[in-house]
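The chain below stands alone and is given as structure tokens, in the form predicted alone.
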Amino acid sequence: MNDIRSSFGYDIFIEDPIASLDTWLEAQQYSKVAILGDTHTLEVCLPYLNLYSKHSSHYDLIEIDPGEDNKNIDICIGVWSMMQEFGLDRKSLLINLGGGVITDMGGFAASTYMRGIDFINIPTTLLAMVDASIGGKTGLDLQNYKNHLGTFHHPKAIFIIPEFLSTLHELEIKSGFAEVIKHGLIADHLHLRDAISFLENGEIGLDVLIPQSVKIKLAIVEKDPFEKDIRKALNFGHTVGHAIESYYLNKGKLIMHGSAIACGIMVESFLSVSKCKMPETDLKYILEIIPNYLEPAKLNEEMILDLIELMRKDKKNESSEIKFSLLSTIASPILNIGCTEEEISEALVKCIHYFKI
């Protein structure tokens, strides 16, 4: 695995991340350093850094509970308060040690504290390594609507430590693979093939897949930093997927992001056939790989009206029209496809019936 330089001026360290982290911190000479993590990452992942980093004794710790239900303004106020209590100033650094919730919230907290201080991401989940920590999007949920508050603010560096994946449950790994497979579906047949090869027999390793997926995400973001055009392709599966996440949050239940996105990919693949004439052979392939290798959320008819209502509040919509990024074929996305509620309902029903087969 090789380190990756972004056009935004920061490095993604993969080759020897622990040593690189130590060297990088020493070179920056920040006035103060704080680490934001959840109860799991600070207990399980932080000690790994402490074993190696000369700077470990200089960290202040900010701990929150894990889970998407904590990615909100009330918890963020607590993070800001702790940053202030620890005396962080404009020359300070926030280290985000965790999955997508931590990198999203930590990036938002840093980008708004004192009008913006530096932060770095140390992702601890596969999903965060290949997707959430990369691209400069920060965010909080607003009344259970996904990422309705946020900024575009890039980290100063990202340190990817694959050893952290050994601390995860198998379902969390599958959740991350929803984004890996999505990257293949929207951009690269070979990457999709390699991801399936890993899931089937392990012949392709994560040392290959993680840099591949990172490069796909980064290349798209570099072409369109503020999501005006091609970056919207990364939303494939997410209009439906985010609605599923919000549905469960409103019910007081948590669902893994990857499970929601996996189901969203299936529903939006049905839409891709009806709206973009994606070949039925591509649909068949997607409907085979997603349930076989991931853990897609299950739908039922009672959810349809609620899901559509949630999609109507999606931040990607324009002129009250529900917008999607769909596929004309695998690796050929089409952006800004408006769909009627009837078309969306039909795709949801098709997915529900597919699960019953």
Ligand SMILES: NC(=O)c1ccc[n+]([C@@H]2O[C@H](COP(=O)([O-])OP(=O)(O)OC[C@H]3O[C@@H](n4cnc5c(N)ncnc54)[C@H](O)[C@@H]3O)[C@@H](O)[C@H]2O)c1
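From 1 onward, residues are counted along the sequence shown. Note that the structure is a prediction, hence the values are computed from the model and not measured.
Heads up, the form predicted in complex with the ligand isn't pictured, but that's what we're talking about next.
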Item checked: Heavy atom contact within 4.5 Å of the ligand in the predicted bound form, the stretch among 167 to 175, 203 to 211, 111 to 119, 277 to 285 -> 167 to 175
Check: Of the options V267, I158, V101, L94, which one has a non-hydrogen atom that comes within 4.5 Å of the ligand in the predicted bound form?
Finding: V101
Next item on the list: Consider H191 of the chain shown here, and say whether it contacts the ligand in the predicted bound form, taking contact as heavy atoms within 4.5 Å.
Entry: no
Notebook entry, point to check: Quick one: does L305 come within 4.5 Å of the ligand in the predicted bound form, counting heavy atoms only?
Noted result: no
Notebook entry, point to check: Though only this chain appears here, would H58 touch the ligand in the predicted bound form if you measure heavy atom gaps against 4.5 Å?
Noted result: no
Check: Any of the heavy atoms of S272 lying within 4.5 Å of the ligand in the predicted bound form?
Finding: no
Note to self: Let me test this: is every residue among I244, N336 and K350 within 4.5 Å of the ligand in the predicted bound form, going by heavy atom positions?
What the structure shows: no
Next item on the list: For the heavy atom contacts within 4.5 Å of the ligand in the predicted bound form, list the residues of 29 to 47 involved, in sequence order.
Entry: D38, H40, T41, V44, C45
